[in-house]
Structures are given as C-alpha cells and as structure tokens.
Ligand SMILES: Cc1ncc(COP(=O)(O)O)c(C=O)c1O
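Listed next as structure tokens is one chain, alone, in the form predicted alone.
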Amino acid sequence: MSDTTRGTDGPGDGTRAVRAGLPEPVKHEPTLPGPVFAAHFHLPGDPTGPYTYGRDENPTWTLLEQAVGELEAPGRDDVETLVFASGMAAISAVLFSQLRAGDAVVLPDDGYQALPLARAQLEAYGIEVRTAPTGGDAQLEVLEGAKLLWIETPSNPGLDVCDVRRLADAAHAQGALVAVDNTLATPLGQRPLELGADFAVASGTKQLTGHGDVLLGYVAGRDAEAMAAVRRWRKIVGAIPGPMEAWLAHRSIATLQLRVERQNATALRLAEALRERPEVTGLRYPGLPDDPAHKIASQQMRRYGCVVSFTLPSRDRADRFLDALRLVDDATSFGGVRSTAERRGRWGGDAVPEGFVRFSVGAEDPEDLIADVLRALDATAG
C-alpha cells in the first residue's frame, strides 16, 4: 500500500473528496446546491436537453455521479457513472442488462449474501451461473466461455482478495466483461477501472456515505455501449435514488478521506490487538502483514478497509461478546462512523462458523474502541 494519498493524477485524496462533483461557483448560491425535488421539468417543444423526466435524470444525481466518477476514475473523461436506489439495484442493473438466456456468468461463491438471490433469478432466466472462491484467483478455473466475470475483492465477509488485473486480462482475452464490487474498499482504497475492470460497482450505503442513514448504489463504467444498457435498465425498473438521498451522499463524500483514514488505521490496530487473544481464531484483515491476502492486496489496494473478521469459540460466546460491547452497535451494515459488529451466521446465508464475527470499525477514538473490545472479551471468557 502506498504511504501517500497523492499520486500522479492530480490532487490528493482529501482535496479530491472535498471538491468532488461541485459545480462552478455562482455568486450568492451554495457551494453544493440543495436537492432538486422534481418529477418533471419544463419541456416545451421537442424533448431535448439534460432533464426531461424525473425517472431519467435529476440535477442532484448529476452532481453526485460526477463526484463518484472523479473518485473512481480521476482524470478520465471516458467513464460514466450512474447512481441507483441501493447497492443491490446497482448490482442487478449490471447483471441483468448484460446477460441473456444462454449466456454464462462467473460469480464468487463467498461474496455478498444477496448474490445467491441474484443467482436464482439469473438461472430462472436461462443464464448459466458458475461460482468459485475469491481467494487464489479460483474464478479463473471456471471462466471459459463466460460473458461476464463478477469479482468481489475484498470479499464480504471473509475478506479474501483476488488479483483483479490478472482476472480482468484473462476475461478480456476471451471476450468477457469484468465487474468488480468495490464496496468494501471504496474508491479511496481501490480503483477497479485502473486495474482493468469494465465496471466498478458499489453500495454507497456503506463507507462511501458512512453515516448509516442512506441507501444508495452506483455503477461506474468505461464501455459506452455497456453503460447505455445499464442506463436503460435503470429506466425500465425505476431503481432511482431520491434527490434527498443523493444530496446526503454527496455531502458525505466531502469527509470520505478523513473517515477512511481514521477507520482503516483503527482497524489495523484492532486486528493487531485481536491477534494476541487466544480465543480468537480465523482472524482476517488484509492490512496485517501475515494475512493470506496481504501480498496481493498491497499491490492493488491503497487502503485495506474498515472491516475485521474473526471467529470466537462458539455461537454463545460470540453472542455474549456482542452483547457486552458498549461502543459497538449490533447491526448488519458496515462502513459507518459508529462501529458495528454482528455474528454473521445468524442470517444463515454465509458459509462461516457459528462464532464468526464481522466487525466494522468506526471513527471512535482507537484507544476507547479497542479497550471496549478487550473488556468484552474478558467479561465473556469462560
């Protein structure tokens, strides 16, 4: 991982996040214009111009899409970004706009919990779905003849990492498109389009917006024809964000670099503290030098994320540990400024041990948060 947030492509991450997507200043107008609530727009004559109907475009979306695009693909003008009502809306838009009956798609078998729901629907439409683990670039083994390769790295919740460039090169060599779920890394941690992907997809609900109060998703892509199909899918299903959600998301991006820096640094410190606990097994954090994913993560990621995963000896121990925490909410999301954790097995959809805990590090003082975790472990020992 680079020790700087400033690359050869312009301003540093903090400057970029603060300024992302802002319009040119206008005297007496706010820096970030307020949300535009409109189902329709004045449209005399032929339907030309940027804004015609509220399901197709909205000025508040436009600014947010520009902001996300500047983070996912700084300095590039060949990338289009589209925002959606949720992360799953964004995921579905790529999958169902690019695939037809008879096509094959490769998905991770250790990815986001809702992917099996998408798999079932794809198969119902006559699309062949193949799966393989994220780790070890295992998706390469089932890639032949596929139309689309879907990558999730780091994977959620197991935090495995794959070589995006290697997988993208192999997929493109046989004519397949490549989409990368970039939710956990955020564009400040990883830029899939620079690594060869055709789509960077994410749930903006998580660390991008970071306050646990907005549902949002986005797709950024560099293939104009493919993105036109994604846009058409958004229009057909109407999976659009509300203007207030879009405005809140854009406002929140201004603090993204500050939040990411704090949360990532604390996540590493928490992982180091957990490594010393005998009751903790299966500890994963790509930023740990001895983590199985660290080598490849250090080559393609600029930051390692705010999520730490580990396993406690039993379901009961994990439940008691979570109940004993004072600074951590028992919730199923991640990436927010308030730390959250959950026993992931309670949902039944992930292949994890009963005592598996996914821990999302927030923006609390590191000393306070780590002390709370160690106290809860001590209080539930035995």
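Here the structure is a predicted model, which is why all the values come from computation and not from measurement. Throughout, we count residues from 1 along the sequence that is shown.
What comes next is about the form predicted together with this ligand, which does not appear here.
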Touches this ligand in the model of the complex: Val178 (any heavy atom, 4.5 Å): no
Going by a heavy atom distance of 4.5 Å, is Asp160 a contact of this ligand in the model of the complex? no
Touches this ligand in the model of the complex: Phe334 (any heavy atom, 4.5 Å): yes
Can Thr183 be called a contact residue for this ligand in the model of the complex at 4.5 Å between heavy atoms? yes
May I ask you to choose, among Met88, Leu122, Ala226, Leu143, the residue with a heavy atom within 4.5 Å of this ligand in the model of the complex? Met88
I need to confirm a contact call. Of Thr81, Thr205, Gln190, Asn264, which residue comes within 4.5 Å of this ligand in the model of the complex, counting heavy atoms only? Thr205
Contact segment among 150 to 158, 168 to 176, 235 to 243, 273 to 281, judged by heavy atoms lying within 4.5 Å of this ligand in the model of the complex: 150 to 158
Residues in 100 to 130 with any heavy atom within 4.5 Å of this ligand in the model of the complex: Tyr112
